[in-house]
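Read the single chain below, which is given as structure tokens and is the form predicted on its own.
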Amino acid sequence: MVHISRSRQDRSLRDLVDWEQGHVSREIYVNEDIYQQELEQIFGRAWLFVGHESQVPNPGDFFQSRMGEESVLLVRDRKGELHVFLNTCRHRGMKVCRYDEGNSLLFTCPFHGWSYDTDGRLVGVPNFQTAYRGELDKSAWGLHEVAQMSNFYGSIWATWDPKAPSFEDFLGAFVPSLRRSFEGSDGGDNGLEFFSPVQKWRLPTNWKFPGFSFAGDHAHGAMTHRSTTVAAFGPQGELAGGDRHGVPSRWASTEYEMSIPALGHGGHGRIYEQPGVGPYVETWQTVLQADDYYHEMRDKKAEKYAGQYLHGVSGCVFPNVICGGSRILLWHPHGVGVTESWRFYTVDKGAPKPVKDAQRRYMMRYCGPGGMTESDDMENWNYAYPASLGTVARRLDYNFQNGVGHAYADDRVPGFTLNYRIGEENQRSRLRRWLDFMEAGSWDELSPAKR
């Protein structure tokens, strides 16, 4: 287990993270040894988001994704089955695929020509009979496949650890909320498709700055996003009810921080005071076809959920993915001080083209390095990391005390703890689970009942 040696004292990981009191050492954000341990202990064991089945609809389709720092391929084989492979040749390690996405029935390494079928089998080795004398056991040298993969209502998740629990057990009480993140606007399961290409860029910061703050730091909105909130650029690009987001239902509701402390998942959610789906509020005034479409989809969703209370949560699936709000946000570690940020934008599969175009334009305007909102966030993270690197700065803990001691359970959302909507309960939950992963020797020790 890593111990961080410092000139003034030796501090273990548990000394560095006091999530109960809200004191967290900056060391866990800037220390190279801790970062390397994260790659092994967290990204080598947790369930991670890989992509969506809509990105690989046909046999031979592939999408190059990432798990931690490692490149992986999401592939649909000749029989239509999905696979996730490590993108490295078993001979000398060259990437067998250097394209972001495409279609191929064969992956051929450009170094020495070893070739792999879409099911991962090694099927071609140059000079197999002459140089290898036909003795190489090709069945033992196929592409390395993840230990487990899950197709969760169209979203693809994977883990390298064969001892990891099932994906739904990993989610726990977060299952219903995540399921609704992949519903269509009419409430139908697996109703989404992803826009292409994926938006990618790198930030000079540690992955936990965005990964543990996003959907867990409402306090920054009034300051960081003040100008964008005042601009009120809703989905249609003009005034949308005084908000930069889509217009919410007018039904009475209360917003909370909602987290699953033992599992690290959570975000923000609303508890409505009545069942069903709220009345549609005009949102796309400049794209009337989109407004008509979403109004119709709302009515279908209302039929499905009539009489049911919908207390969903949009937020983080530990460790590094945020789901909800027509987007999937991934924060890939790319070194202790670099994060590769990916954005997947979603839309209804069956939406007409003008609706899809309107949704795409709004998401690009709202998100990403050129978007009005995330450019604000990046300003903070890009400065917070270097400002924490100094000799004196590393002696000072971060403060995560907002809302400490005020979380409580609510029977309306079983499995979650609630706190005031502006707090740091979600961040403390993620730090708690971070510490669990970093200290545990295996998944046998990671069960919430054993921690």
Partner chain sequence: MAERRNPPPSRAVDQFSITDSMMIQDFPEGTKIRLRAGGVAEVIGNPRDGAWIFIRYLEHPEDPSKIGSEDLAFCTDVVGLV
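Here the structure is a predicted model, which is why all the values come from computation and not from measurement. Numbering follows the first chain given and starts at 1.
In what follows, reference is made to the form predicted together with its partner chain, a form of this protein that is not presented.
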Only hit among 188, 369, 124, 120 for heavy atom within 4.5 Å of its partner chain in the predicted complex is 124
Option touching its partner chain, based on a heavy atom within 4.5 Å in the predicted complex, out of 115, 373, 148, 71: 115
Heavy atoms within 4.5 Å of its partner chain in the predicted complex: which stretch in 303-311, 334-342, 124-132, 252-260 meets that? 124-132
Please determine whether residue 202 contacts its partner chain in the predicted complex, using a 4.5 Å cut-off between heavy atoms. no
Exercise: residue 78 in contact with its partner chain in the predicted complex, heavy atom 4.5 Å: yes
4.5 Å heavy atom contact, residue 285 to its partner chain in the predicted complex: no
Taking heavy atoms and a 4.5 Å cut-off, does residue 108 contact its partner chain in the predicted complex? yes
